[in-house]
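Heads up, the chain below is alone and in the form predicted alone; it's given as structure tokens.
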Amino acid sequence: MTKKLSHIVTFILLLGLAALFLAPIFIVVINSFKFKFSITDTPFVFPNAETFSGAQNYISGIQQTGFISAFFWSLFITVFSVAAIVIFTSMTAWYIVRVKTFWTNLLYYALVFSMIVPFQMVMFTMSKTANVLGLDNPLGIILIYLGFGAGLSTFMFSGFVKSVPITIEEAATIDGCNTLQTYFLVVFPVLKPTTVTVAILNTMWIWNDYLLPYLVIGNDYKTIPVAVQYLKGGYGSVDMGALMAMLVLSIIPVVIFYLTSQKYIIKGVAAGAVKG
């Protein structure tokens, strides 16, 4: 009886926490269908016949922000940045784990150290360097994201690679595979749990990132977070209805991606952080 009561209390607490975390998203969704003045007056009330704006906020927001263009730039940068992070950091982790030298150890600890350096500490020198090197464009920012995402991703992959038996790599070599064939045909498929986890974490980071695209590529290639700020008018006025609508549209893709891949997160994090 005590155990059953404990489960009920735990369930109620978790349900309350879930409601607490989901409440801001729910409030944004219901306010995206209200007129902007109604949002200020009754932000926590469902839209009614007088306050319901239909799809007006969505249409207005798309027109004001250039949302379609921003969406495709965000998609382009996110997809190729995540692909570069997954491929290059997994190969780096494999090399670091399998080739034990002073230099690989130094590289590993340098990447781990980069995780604790705040972005704000290097953002101005980084943006200037990106401008001088011609990286202030959608292709260049992919390289910058690779640099900032390398630390955590390599750390996670390294932990998982340690759990991969080296005998399967030796068997591949005996069968005639070269280094790249061994990696892509044997090692990389085994890294699937951590690969999905790294992809999810970096997708949520890059898709929602505002500061780096704003500093590096600015208004020339606006991503969604940068485009949304243009709903702010003069003297601090903000079209709250359109803003709420654009926030809803911006979170839908990453939520869908997360829900379809979330079953791998705990498995991948545990494997990358504990094994080895």
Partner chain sequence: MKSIKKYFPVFVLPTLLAFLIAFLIPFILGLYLSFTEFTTVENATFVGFNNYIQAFKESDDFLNALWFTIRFALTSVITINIFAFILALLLTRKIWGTNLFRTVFFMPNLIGGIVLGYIWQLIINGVLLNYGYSITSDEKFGFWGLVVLMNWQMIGYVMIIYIAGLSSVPTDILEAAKVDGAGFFTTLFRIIIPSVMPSITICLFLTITNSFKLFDQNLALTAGAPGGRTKMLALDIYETFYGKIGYEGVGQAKAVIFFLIVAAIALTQLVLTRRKEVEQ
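Residue numbers count along the first chain shown, from 1. Heads up, when I say rigid core I mean the largest set of C-alphas that superpose within 1.5 Å between the two forms. Everything numeric here is computed off the predicted structure, so don't read it as measured data.
Absent from the display: the form predicted in complex with its partner chain. The rest refers to it.
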| query | finding |
| --- | --- |
| Its partner chain: the contacting residue among 80, 71, 188, 88 in the predicted complex [heavy atom, 4.5 Å] | 88 |
| Proximity to its partner chain in the predicted complex (heavy atom, within 4.5 Å), stretch among 189-197, 157-165, 122-130, 71-79 | 122-130 |
| Interface membership of residue 137, its partner chain in the predicted complex, 4.5 Å heavy atom rule | no |
| 4.5 angstroms heavy atom contact with its partner chain in the predicted complex for residue 118 | yes |
| Partner proximity in the predicted complex: residue 206 to its partner chain, non-hydrogen atom cutoff 4.5 Å | no |
| Contact of residue 47 with its partner chain in the predicted complex (heavy atom, 4.5 Å) | no |
| Those residues of 84-109 which, in the predicted complex, come within 4.5 Å of its partner chain by heavy atom | 88, 89, 91, 92, 94, 95, 98, 99, 101, 107 |
| Exceeds or equals 2 Å, Cα of residue 33 between the shown form and the other one, core fit | yes |
| Residue shift check between the shown form and the other one, rigid core fit, residue 43 Cα at least 2 Å | yes |
| Threshold 2 Å Cα movement between the shown form and the other one at residue 215, rigid core reference | no |
